[in-house]
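One chain comes next, on its own, written as structure tokens: the form predicted on its own.
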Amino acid sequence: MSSLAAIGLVVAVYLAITLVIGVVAYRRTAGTPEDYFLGGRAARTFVLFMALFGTNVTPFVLLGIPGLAYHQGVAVFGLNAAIVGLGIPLTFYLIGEPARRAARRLGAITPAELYAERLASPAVGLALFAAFFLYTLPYMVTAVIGAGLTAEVLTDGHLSFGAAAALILAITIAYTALGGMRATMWTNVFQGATFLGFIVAAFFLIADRLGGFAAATTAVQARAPHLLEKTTAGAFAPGPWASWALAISLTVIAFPHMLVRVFAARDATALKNVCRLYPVVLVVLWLPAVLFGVWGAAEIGGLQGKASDAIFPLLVARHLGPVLQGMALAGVLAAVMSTLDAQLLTLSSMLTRDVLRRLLPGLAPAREVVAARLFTLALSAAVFVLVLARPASLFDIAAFSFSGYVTLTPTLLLGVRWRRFTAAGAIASIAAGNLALALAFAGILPAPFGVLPVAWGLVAAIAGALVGSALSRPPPAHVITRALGPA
């Protein structure tokens, strides 16, 4: 069997298993919006953790982080992993759990629907939908770029970047449109096990091919010693480091596809268990990701700019056999699909719940599901067009989306933690945060101490929330109590 055939067979088996899981989930899915979009709110600890973790891990981690470490070294681990490991569980507690309780009380299915009901303002729901769409679309693009890039490298160009992107979108559309949340969560268990298992195995196997951990490190010291040095320059200076810490730790709970999965938790115990597991598993994943980039810089030099996004599949192609190369491609596809399915489902649910129901009162529940499936197709077509343009590196595209999501966290937090928060405060927060972020990205606002644009966006969003709420009245007491419970 040729190398290409072996790779294709492994990937075909992976895709077949994924589709079978999706079909089984479809047969278990009722025709109601709550069952289709939230899986009946019944996810227990293991499925919930794998769904959240699988959704959170994208080519940003598997390709973007090695690509960044290729240029900036081991310090990338401190720039990201420790902050993420602590920050994400904290935001699950501060925002996720009260939001889950409120969504269950109100029967809300999407984040935009929850905050529109909590603040008695359809305008808040529309503003959140617009922001979620603006920042989720480019993040979806990073996932598909990662799949296309890996497939092209590992098949030596026999499967082109565009063809691989189209294939991954088609498969994801098939099981997501059919089975809804239950299909995406069940497949996330399989997908999460696939990519996590392969990354750990590849870490030890590639280290062995390089002569062991000591030999791999010695090679880096000889050829690229700066990658092993501590630095406080550039992204690691206090200002950029602190502002990136804000982005990377606060952004995940503001991913609408993550927050919806929190809504699907069976109870608070399941979510608490997830918070305990998250830091450990993140470290297990991020350490290999960083070292792949560092080892790759010594092994395969000369990659410039976004070309370094390919360093992980290049290492796999050089040091692992065809079957393991097929597993590598399956692992990246698993990371892509476990995020992409959640993003497609969440944006389609927000379109139907937060836009179409406003425009078409009395829309039947069954028609909501049909509309969501059609929107999934349209959204996938838009993603494919942007993927072919490949506008920037995976890290840079993700950093843009992360910064935008952070401007929404004041609204998400205050909406479930502060009873005095108002609709005017939410809209002012979203508008001010995004305006400041745009001005900072354009270079109109200064960057004192080297802070990144996300810092301006967060400060403006907080100010807008406080000022807007101070100058307006909160919803009636019964509306607040219905969402948040008794004071």
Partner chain sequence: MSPVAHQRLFAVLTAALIVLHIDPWNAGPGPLLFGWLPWDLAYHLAWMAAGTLLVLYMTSRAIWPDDPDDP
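No experiment lies behind these values; they were computed from the predicted model shown. Numbering follows the first chain given and starts at 1.
Keep in mind that the form predicted in complex with the partner chain is missing from the display, and what follows is about it.
No residue in the set Gly22, Asp156 and Ala164 has a non-hydrogen atom no more than 4.5 Å from the partner chain in the predicted complex. Interface residue remark: Pro238 is counted as part of the site for the partner chain in the predicted complex, having a heavy atom within 4.5 Å. Remark: Gln304 does not count among the residues lining the partner chain in the predicted complex, judged by a heavy atom distance of 4.5 Å or less.
Looking at Ala378, you'd find every heavy atom of it more than 4.5 angstroms from the partner chain in the predicted complex.
At a distance threshold of 4.5 angstroms between non-hydrogen atoms, Ser160 is out of contact with the partner chain in the predicted complex. Contact with the partner chain in the predicted complex, judged by any heavy atom within 4.5 Å, is made by just one of Pro138, Gly197, Gly321, Gly85: Gly85. Taking Ala75, Leu285, Ile171, Ile206 one by one, only a single residue has any non-hydrogen atom within 4.5 Å of the partner chain in the predicted complex, and it is Ala75. Contact annotation: the partner chain lies within 4.5 Å of heavy atoms from the stretch 239-247 in the predicted complex, the single such stretch among 108-116, 345-353, 239-247, 401-409.
Along 274-308, a non-hydrogen atom within 4.5 Å of the partner chain in the predicted complex is carried by Cys275, Arg276, Pro279, Val280, Leu282, Val283, Leu287, Leu291, in order along the sequence.
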